[in-house]
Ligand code: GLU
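As C-alpha coordinates, one chain now follows by itself in the form predicted alone.
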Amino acid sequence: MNPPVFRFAPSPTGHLHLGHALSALTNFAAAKAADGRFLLRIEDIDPTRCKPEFEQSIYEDLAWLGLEWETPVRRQSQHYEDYAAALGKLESEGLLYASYETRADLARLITGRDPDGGPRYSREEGLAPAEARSREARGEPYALRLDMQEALSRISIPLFWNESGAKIAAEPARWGDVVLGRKEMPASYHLAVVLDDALQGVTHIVRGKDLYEATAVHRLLQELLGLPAPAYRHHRLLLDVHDKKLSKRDKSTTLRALRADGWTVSDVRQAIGL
(Lines give C-alpha, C1' and ligand atoms only; values in the text may rest on other atoms or scores of the structure.)
Protein backbone atom coordinates (compact mmCIF):
# COMPACT_ATOMS: atom_id res chain seq x y z
CA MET A 1 0.00 0.00 0.00
CA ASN A 2 1.33 3.44 -0.92
CA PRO A 3 1.90 5.88 1.96
CA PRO A 4 -0.54 8.79 2.41
CA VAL A 5 0.54 12.07 0.82
CA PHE A 6 0.00 15.50 2.39
CA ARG A 7 0.95 18.91 1.01
CA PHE A 8 1.33 22.58 1.87
CA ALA A 9 0.78 24.84 -1.14
CA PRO A 10 1.38 28.57 -0.54
CA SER A 11 1.37 31.32 -3.16
CA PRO A 12 4.45 33.57 -3.27
CA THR A 13 2.43 36.79 -3.22
CA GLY A 14 3.77 37.93 0.14
CA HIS A 15 5.54 36.66 3.25
CA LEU A 16 4.01 33.85 5.31
CA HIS A 17 2.12 34.67 8.52
CA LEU A 18 0.93 32.67 11.54
CA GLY A 19 -2.04 31.25 9.62
CA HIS A 20 0.36 29.69 7.14
CA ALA A 21 2.42 28.29 10.01
CA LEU A 22 -0.69 26.59 11.41
CA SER A 23 -1.50 24.96 8.09
CA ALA A 24 2.07 23.93 7.30
CA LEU A 25 2.78 22.50 10.74
CA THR A 26 -0.58 20.68 10.83
CA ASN A 27 0.11 19.00 7.50
CA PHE A 28 3.67 18.13 8.44
CA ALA A 29 2.55 16.58 11.74
CA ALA A 30 -0.24 14.62 10.04
CA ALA A 31 2.20 13.22 7.49
CA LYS A 32 4.62 12.20 10.23
CA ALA A 33 1.86 10.56 12.31
CA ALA A 34 0.67 8.56 9.30
CA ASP A 35 4.17 7.57 8.13
CA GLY A 36 3.31 9.51 5.00
CA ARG A 37 4.95 11.94 2.62
CA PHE A 38 4.95 15.73 2.92
CA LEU A 39 5.11 17.86 -0.22
CA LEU A 40 5.64 21.57 -0.72
CA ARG A 41 4.06 23.15 -3.79
CA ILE A 42 4.54 26.73 -4.94
CA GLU A 43 1.31 28.06 -6.44
CA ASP A 44 2.80 30.80 -8.60
CA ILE A 45 0.31 30.75 -11.45
CA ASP A 46 -0.40 34.50 -11.14
CA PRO A 47 2.59 36.19 -12.82
CA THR A 48 1.58 39.68 -11.75
CA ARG A 49 1.47 39.04 -7.98
CA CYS A 50 3.98 36.22 -7.48
CA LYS A 51 7.57 37.30 -6.80
CA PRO A 52 10.84 35.30 -6.54
CA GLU A 53 11.74 36.99 -3.26
CA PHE A 54 8.51 35.76 -1.68
CA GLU A 55 9.17 32.23 -2.89
CA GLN A 56 12.63 32.29 -1.31
CA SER A 57 11.08 33.61 1.89
CA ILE A 58 8.69 30.62 1.95
CA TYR A 59 11.62 28.19 1.92
CA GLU A 60 13.41 30.13 4.66
CA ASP A 61 10.34 30.37 6.92
CA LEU A 62 9.41 26.69 6.60
CA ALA A 63 13.00 25.57 7.24
CA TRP A 64 13.06 27.78 10.34
CA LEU A 65 9.86 26.06 11.55
CA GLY A 66 11.69 22.73 11.26
CA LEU A 67 9.84 21.39 8.23
CA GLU A 68 11.39 19.13 5.62
CA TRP A 69 9.85 18.42 2.22
CA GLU A 70 10.51 16.36 -0.86
CA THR A 71 12.34 17.83 -3.81
CA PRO A 72 12.03 18.96 -6.50
CA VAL A 73 9.25 21.33 -5.44
CA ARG A 74 6.41 21.59 -7.95
CA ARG A 75 6.01 25.15 -9.19
CA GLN A 76 2.82 25.83 -11.11
CA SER A 77 4.55 28.23 -13.51
CA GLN A 78 6.50 25.27 -14.90
CA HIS A 79 3.41 23.22 -15.74
CA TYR A 80 1.15 25.41 -17.84
CA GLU A 81 0.83 22.60 -20.39
CA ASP A 82 -0.93 20.44 -17.78
CA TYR A 83 -3.60 23.08 -17.22
CA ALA A 84 -3.99 23.72 -20.94
CA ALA A 85 -4.60 20.01 -21.51
CA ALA A 86 -7.29 19.90 -18.82
CA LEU A 87 -8.99 23.01 -20.23
CA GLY A 88 -8.79 21.46 -23.70
CA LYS A 89 -10.52 18.32 -22.47
CA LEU A 90 -13.36 20.27 -20.87
CA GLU A 91 -13.70 22.51 -23.94
CA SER A 92 -13.83 19.53 -26.31
CA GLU A 93 -16.69 18.15 -24.24
CA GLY A 94 -18.68 21.38 -24.55
CA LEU A 95 -18.27 22.36 -20.90
CA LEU A 96 -16.42 25.69 -21.29
CA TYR A 97 -17.34 29.04 -22.75
CA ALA A 98 -15.79 32.50 -22.84
CA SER A 99 -17.35 35.45 -21.02
CA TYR A 100 -16.25 39.04 -21.55
CA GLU A 101 -17.63 40.89 -18.54
CA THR A 102 -15.41 43.33 -16.66
CA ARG A 103 -15.53 43.64 -12.87
CA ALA A 104 -17.82 46.64 -13.31
CA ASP A 105 -20.10 44.59 -15.56
CA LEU A 106 -20.33 41.83 -12.99
CA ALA A 107 -21.20 44.30 -10.23
CA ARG A 108 -23.91 45.82 -12.42
CA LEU A 109 -25.42 42.67 -13.93
CA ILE A 110 -25.08 39.80 -11.50
CA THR A 111 -27.57 39.64 -8.62
CA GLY A 112 -26.74 36.30 -6.97
CA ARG A 113 -23.83 35.65 -4.63
CA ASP A 114 -21.60 32.60 -4.32
CA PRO A 115 -20.55 31.09 -0.95
CA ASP A 116 -17.60 33.52 -0.76
CA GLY A 117 -19.87 36.51 -1.34
CA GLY A 118 -18.71 37.12 -4.92
CA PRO A 119 -20.96 37.32 -7.99
CA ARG A 120 -22.64 33.97 -8.80
CA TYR A 121 -22.38 34.14 -12.58
CA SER A 122 -24.84 32.68 -15.04
CA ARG A 123 -24.99 33.29 -18.78
CA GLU A 124 -28.55 34.49 -18.48
CA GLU A 125 -27.45 37.48 -16.41
CA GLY A 126 -24.30 38.21 -18.40
CA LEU A 127 -23.74 40.49 -21.36
CA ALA A 128 -26.17 40.44 -24.24
CA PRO A 129 -24.90 38.02 -26.92
CA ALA A 130 -24.35 40.83 -29.44
CA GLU A 131 -22.16 42.76 -26.98
CA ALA A 132 -20.21 39.62 -26.10
CA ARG A 133 -19.54 38.94 -29.79
CA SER A 134 -18.42 42.53 -30.28
CA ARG A 135 -15.91 42.28 -27.42
CA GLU A 136 -14.68 38.95 -28.75
CA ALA A 137 -14.09 40.50 -32.18
CA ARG A 138 -12.03 43.28 -30.56
CA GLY A 139 -9.85 40.71 -28.79
CA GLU A 140 -10.77 41.89 -25.32
CA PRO A 141 -9.88 39.90 -22.17
CA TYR A 142 -12.15 37.01 -21.30
CA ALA A 143 -12.75 34.37 -18.64
CA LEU A 144 -13.19 30.70 -19.47
CA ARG A 145 -16.17 29.54 -17.43
CA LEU A 146 -17.52 26.11 -16.62
CA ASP A 147 -21.10 25.60 -17.81
CA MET A 148 -22.29 24.45 -14.40
CA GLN A 149 -25.72 23.22 -15.47
CA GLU A 150 -24.27 21.18 -18.32
CA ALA A 151 -21.44 19.87 -16.15
CA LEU A 152 -23.83 18.63 -13.47
CA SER A 153 -25.92 16.89 -16.12
CA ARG A 154 -22.87 14.74 -16.95
CA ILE A 155 -22.49 13.45 -13.37
CA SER A 156 -24.41 10.25 -12.72
CA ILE A 157 -23.51 9.78 -9.04
CA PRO A 158 -24.25 11.87 -5.94
CA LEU A 159 -21.39 14.29 -5.30
CA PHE A 160 -19.88 14.31 -1.83
CA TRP A 161 -16.52 14.54 -0.13
CA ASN A 162 -14.97 12.77 2.84
CA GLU A 163 -14.46 15.32 5.63
CA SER A 164 -12.64 13.75 8.57
CA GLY A 165 -14.56 10.51 8.04
CA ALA A 166 -17.97 12.10 7.40
CA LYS A 167 -19.67 12.31 4.01
CA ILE A 168 -20.47 15.92 3.04
CA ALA A 169 -22.89 16.55 0.18
CA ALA A 170 -21.29 18.73 -2.50
CA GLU A 171 -23.41 21.51 -4.02
CA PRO A 172 -21.25 23.13 -6.72
CA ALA A 173 -24.27 24.84 -8.32
CA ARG A 174 -24.11 27.39 -5.50
CA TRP A 175 -20.99 28.76 -7.20
CA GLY A 176 -22.58 29.40 -10.59
CA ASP A 177 -20.45 29.20 -13.74
CA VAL A 178 -17.02 29.37 -12.11
CA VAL A 179 -13.92 30.69 -13.88
CA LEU A 180 -11.40 27.99 -14.81
CA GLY A 181 -9.01 30.10 -16.86
CA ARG A 182 -8.47 33.53 -18.37
CA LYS A 183 -6.99 35.00 -21.53
CA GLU A 184 -3.91 36.12 -19.59
CA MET A 185 -3.76 33.23 -17.09
CA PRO A 186 -3.56 29.50 -17.93
CA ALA A 187 -5.82 28.33 -15.10
CA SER A 188 -7.80 29.50 -12.11
CA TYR A 189 -7.09 28.33 -8.58
CA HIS A 190 -9.92 25.78 -8.79
CA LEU A 191 -8.55 24.00 -11.84
CA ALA A 192 -4.86 24.22 -10.96
CA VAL A 193 -5.22 22.93 -7.40
CA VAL A 194 -7.36 19.97 -8.44
CA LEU A 195 -4.99 18.97 -11.22
CA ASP A 196 -1.83 19.50 -9.14
CA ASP A 197 -3.14 17.36 -6.29
CA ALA A 198 -3.99 14.53 -8.67
CA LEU A 199 -0.69 14.69 -10.56
CA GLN A 200 1.25 14.69 -7.30
CA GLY A 201 -0.73 11.81 -5.83
CA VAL A 202 -2.00 13.84 -2.86
CA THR A 203 -4.32 11.65 -0.79
CA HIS A 204 -5.11 13.95 2.16
CA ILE A 205 -5.85 17.66 1.84
CA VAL A 206 -5.65 19.59 5.10
CA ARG A 207 -6.40 23.29 4.65
CA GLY A 208 -8.25 26.20 6.24
CA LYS A 209 -12.01 26.47 6.67
CA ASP A 210 -12.05 29.37 4.22
CA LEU A 211 -11.78 26.74 1.45
CA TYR A 212 -14.46 24.41 2.85
CA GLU A 213 -17.18 25.53 0.42
CA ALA A 214 -14.82 25.48 -2.57
CA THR A 215 -14.46 21.73 -2.09
CA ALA A 216 -17.80 21.27 -3.86
CA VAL A 217 -16.32 22.74 -7.06
CA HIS A 218 -13.17 20.69 -6.66
CA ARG A 219 -15.13 17.46 -6.33
CA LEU A 220 -17.07 18.28 -9.49
CA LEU A 221 -13.87 18.94 -11.43
CA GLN A 222 -12.37 15.71 -10.16
CA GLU A 223 -15.34 13.78 -11.52
CA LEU A 224 -15.34 15.61 -14.86
CA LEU A 225 -11.61 15.04 -15.37
CA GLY A 226 -11.58 11.47 -14.08
CA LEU A 227 -9.33 12.28 -11.10
CA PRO A 228 -9.24 10.57 -7.69
CA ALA A 229 -10.99 12.16 -4.71
CA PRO A 230 -8.67 12.84 -1.74
CA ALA A 231 -9.81 12.92 1.86
CA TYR A 232 -10.34 16.45 3.23
CA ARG A 233 -9.98 18.18 6.56
CA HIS A 234 -10.55 21.91 7.00
CA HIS A 235 -8.87 23.31 10.08
CA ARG A 236 -9.71 26.38 12.14
CA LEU A 237 -8.60 29.82 10.99
CA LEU A 238 -6.51 32.26 12.97
CA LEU A 239 -8.25 35.62 13.39
CA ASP A 240 -6.95 39.12 14.04
CA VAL A 241 -8.27 41.55 16.65
CA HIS A 242 -11.13 42.44 14.30
CA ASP A 243 -12.13 38.76 13.93
CA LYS A 244 -10.91 38.68 10.34
CA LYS A 245 -8.76 35.80 9.15
CA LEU A 246 -5.06 36.55 8.85
CA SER A 247 -4.14 37.43 5.29
CA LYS A 248 -1.30 38.78 3.18
CA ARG A 249 -3.64 41.34 1.64
CA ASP A 250 -4.30 42.82 5.09
CA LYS A 251 -0.56 42.79 5.84
CA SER A 252 -0.89 40.45 8.83
CA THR A 253 2.31 40.20 10.86
CA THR A 254 4.70 37.88 9.05
CA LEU A 255 6.81 35.01 10.35
CA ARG A 256 9.81 36.89 9.01
CA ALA A 257 8.99 39.91 11.19
CA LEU A 258 8.28 37.77 14.26
CA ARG A 259 11.63 36.01 13.83
CA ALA A 260 13.37 39.37 13.57
CA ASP A 261 11.64 40.40 16.82
CA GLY A 262 13.17 37.41 18.59
CA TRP A 263 10.33 34.91 18.41
CA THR A 264 11.29 31.23 18.63
CA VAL A 265 9.55 28.30 16.97
CA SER A 266 8.11 27.45 20.39
CA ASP A 267 6.61 30.94 20.54
CA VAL A 268 4.98 30.38 17.16
CA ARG A 269 3.57 27.01 18.17
CA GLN A 270 2.15 28.48 21.36
CA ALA A 271 0.63 31.43 19.50
CA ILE A 272 -1.19 29.20 17.02
CA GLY A 273 -2.38 26.71 19.64
CA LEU A 274 -0.18 23.73 18.85
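Quantities reported herein were computed from a predicted structural model and do not represent experimental measurements. Heads up: residue numbers just count along the shown sequence, starting at 1.
Although it is not shown, the form predicted together with the named molecule is what the next lines describe.
K.L.:
In terms of non-hydrogen atoms within 4.5 angstroms, which of the given stretches 47 to 55, 206 to 214, 219 to 227, 62 to 70 touches the named molecule in the model of the complex?
P.N.:
Of the options given, it is 206 to 214.
K.L.:
Which residue among 83, 189, 121, 100 has a heavy atom within 4.5 angstroms of the named molecule in the model of the complex?
P.N.:
So the residue touching the named molecule in the model of the complex, by this definition, is 189.
K.L.:
Report yes if any heavy atom of residue 193 sits within 4.5 Å of a heavy atom of the named molecule in the model of the complex; otherwise report no.
P.N.:
Within the cut-off, so yes.
K.L.:
In the model of the complex, does residue 11 come within 4.5 Å of the named molecule, counting heavy atoms only?
P.N.:
Yes, contact at 4.5 Å.
K.L.:
Taking the named molecule in the model of the complex, which residues along 29 to 43 bring a heavy atom to within 4.5 Å of it?
P.N.:
Stretch hits: a single one, 43.
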